[in-house]
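Listed next as structure tokens is one chain, alone, in the form predicted alone.
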Amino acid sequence: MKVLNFGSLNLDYTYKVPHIVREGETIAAKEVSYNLGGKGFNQSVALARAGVPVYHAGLVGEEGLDFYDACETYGIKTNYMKTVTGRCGHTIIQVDEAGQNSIVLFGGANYKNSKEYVDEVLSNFEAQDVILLQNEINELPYIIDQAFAKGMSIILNPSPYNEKLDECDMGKVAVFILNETEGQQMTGMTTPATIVSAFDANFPNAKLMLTLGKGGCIFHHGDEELYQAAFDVQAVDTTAAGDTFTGFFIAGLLKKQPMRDILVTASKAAALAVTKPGAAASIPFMSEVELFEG
């Protein structure tokens, strides 16, 4: 079984600010940093650091060559990544004094995927292989359809949530990983319990992993439902917390660990991630997670 993450690769420009800028306001940043990121890249880093060999597929612009070296450093396989003409995807991230963030995303190369490129990548995978997807690239509906046709197991993190996702056949998704806001947007429900009920009604065969930030997380599948509290830490930057949780959660699924152990490990990993600045650089190694007592 092989694991493919077909996802975004963004250059992150992060600004430390007193508070998230308001409409019409100009504020001075206390600090600025440049990092490699993108939900796709971050989740590949999390998978690799959780001990899962992962192939990354995606496009970078001409100024994104650092991604190849970074993937080699992190242990991510770049066989199916490509460089295209033009700008990389990039983000402008504000992080306030409480560690909360606000993000502006420019798609760039992430929106230059073609059906031919998708077919080329997926030709290297087969039934029972796993594909992880987010919503920061184009051709997502086509990727889901083609991966499903090959018999791959599809894991979707529908983030950021927008109207593009309406074109996707969600019935083909095996595992949903999403936060409370995305759950509300997908179902129209307003509480964790009603979000879970709506998913169970609409996608009865899928596994649901609903993260609630400081409120912990809920896993639901069939008759099984488990709640896990979040670990209390001093947050510095929450940018990659969800991506970290996603990678470590999937790692536990692939290793067929008990669900309670998976939730504890993924929650610990996310907690450790928010204690450090940056995105990919903040994602802990499994060895660090195992030592963390919470």
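What you see is a predicted model, and the numbers here were worked out from it, not measured in a lab. Don't overthink the numbering: it's just position in the shown sequence, from 1.
We do not show the form predicted together with a small molecule, though everything after this point is about it.
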query	finding
All of 5, 57 and 152 within 4.5 Å of the small molecule in the model of the complex, heavy atom check	no
Proximity to the small molecule in the model of the complex (heavy atom, within 4.5 Å), stretch among 251 to 259, 48 to 56, 237 to 245, 26 to 34	237 to 245
Residue among 113, 91, 94, 146 with a heavy atom within 4.5 Å of the small molecule in the model of the complex	91
The small molecule contact at residue 44 in the model of the complex, heavy atom, 4.5 Å	no
Heavy atom of residue 39 within 4.5 Å of the small molecule in the model of the complex	yes
Contact label in the model of the complex: residue 279 to the small molecule, heavy atom within 4.5 Å	yes
Interface membership of residue 189, the small molecule in the model of the complex, 4.5 Å heavy atom rule	no
